[in-house]
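The chain below stands alone and is given in structure tokens; this is the form predicted on its own.
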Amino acid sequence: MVREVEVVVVGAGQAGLAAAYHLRRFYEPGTGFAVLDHAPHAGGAWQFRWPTLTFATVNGVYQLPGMAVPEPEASTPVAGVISDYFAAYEREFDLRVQRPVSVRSVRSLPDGRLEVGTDRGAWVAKALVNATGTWERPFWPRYSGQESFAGRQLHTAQYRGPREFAGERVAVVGGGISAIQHLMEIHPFAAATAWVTRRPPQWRDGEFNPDRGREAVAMVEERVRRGLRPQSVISVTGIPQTPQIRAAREAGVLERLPVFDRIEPGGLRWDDGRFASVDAILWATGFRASLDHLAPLRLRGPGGGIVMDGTRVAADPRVHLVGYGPSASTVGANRAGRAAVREIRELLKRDDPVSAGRR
């Protein structure tokens, strides 16, 4: 079964829904554009977040264009509220997201269009907005002896809360906000915790104002413009010292260790002789962009990334990546969705003025 539309949006998280909102102003859903989502329910990656991630501890929730985000009690888990919000958003703007649909490949056709192959048939389009995010590609580092470890190993994507670590000795590996949140939650329940990072944490003092935000985004954008793998925005902004984080530092919860040299059955070993007995290793080591389905287009360069010009793939103006690199934050995803649709409209107008003018 092959369906023809002007634009296909792959992914219905923050970036995908933002793009769909702007497409809806010009095209009819189902015929003018289609939104395909792999997840079983609305909510993007939010629906998979751990239950103890609440509105008090989340790093930030930003509203989608045209609809305010709910403001529940600070102790309310984020996952359910944001999933319901996304579902209401899809209904309000009649976006008709199709799910679950697994996109397997995107190929270029001889007539210049793109074929989006899925487990539910194919869609053919003139342009693609890829908003697949990173949640489905957790990054697991590899260390010598890792397979011999006798305890548990899990990733942030599998984390369900601190109580499962009660009485255990836990090592949290990773230098981002998620690692810090895990440590602060687990510490009261665990027998002991250890925090391991590749680099010393860069603590940020002072207000994170718009100027600092734009500077950080520009640094990430420069990398993707050169075709390098994108860094996270937090890697260039530093870690904000909230009152909770400051208190955890003062209590010794966030005393950082350098990365170990190998893993042994009973724990972590450093070449200088240090050893940490560990029952569980929680890898808070981030995620990688889910872009394997774009492999047939051969977009990656020698630097391992994709050369970008804004949201547009420099080598293929039909393809826009939103929620990638500098637009990986929620506020950045909204802006990227709008920018991608604006450029796609211009592209289609050049190729087919009648089609692009249709509402």
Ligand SMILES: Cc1cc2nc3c(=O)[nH]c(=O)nc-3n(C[C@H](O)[C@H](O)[C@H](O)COP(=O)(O)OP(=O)(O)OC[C@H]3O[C@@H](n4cnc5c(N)ncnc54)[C@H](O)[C@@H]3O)c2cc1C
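The numbering used is simple: start at 1 and walk along the sequence shown. A quick note: this is a predicted structure, and the numbers were derived from the prediction, not measured.
The discussion below concerns the form predicted in complex with this ligand, not included here.
Colleague: So in the model of the complex, are Val7, Leu128 and Thr311 all sitting within 4.5 Å of this ligand, heavy atoms only?
Modeller: Spot residues vs this ligand: no contact at all.
Colleague: Report the residue, out of Thr193, Thr285, Ser83, Thr134, that has at least one non-hydrogen atom within 4.5 angstroms of this ligand in the model of the complex.
Modeller: Looking at the other structure, the residue within range turns out to be Thr134.
Colleague: Would Pro302 show up as a contact with this ligand in the model of the complex if we use heavy atoms at 4.5 Å?
Modeller: No - in the model of the complex, heavy atoms of Pro302 and this ligand never come within 4.5 Å of each other.
Colleague: Can you check whether Val101 is within 4.5 Å of this ligand in the model of the complex, heavy atom basis?
Modeller: Val101 belongs to the contact set for this ligand.
Colleague: Mark Ala336 yes when one of its heavy atoms lies within 4.5 Å of a heavy atom of this ligand in the model of the complex, and no otherwise.
Modeller: Because no heavy atom of Ala336 falls inside 4.5 Å of this ligand in the model of the complex, the answer is no.
Colleague: Would you check, heavy atoms only and a 4.5 Å threshold, whether Tyr27 touches this ligand in the model of the complex?
Modeller: Looking in the model of the complex, residue contacts with this ligand do not include Tyr27, since no heavy atom lies within 4.5 Å.
Colleague: Using a 4.5 Å heavy atom cut-off, which of 246 to 254, 102 to 110, 274 to 282, 158 to 166 contacts this ligand in the model of the complex?
Modeller: The contacting stretch here is 102 to 110.
Colleague: Going by this ligand in the model of the complex, which residues of 7 to 36 come within 4.5 Å of it through any heavy atom?
Modeller: Residues within 4.5 Å: Val10, Gly11, Ala12, Gly13, Gln14, Ala15, Gly16, Leu36.
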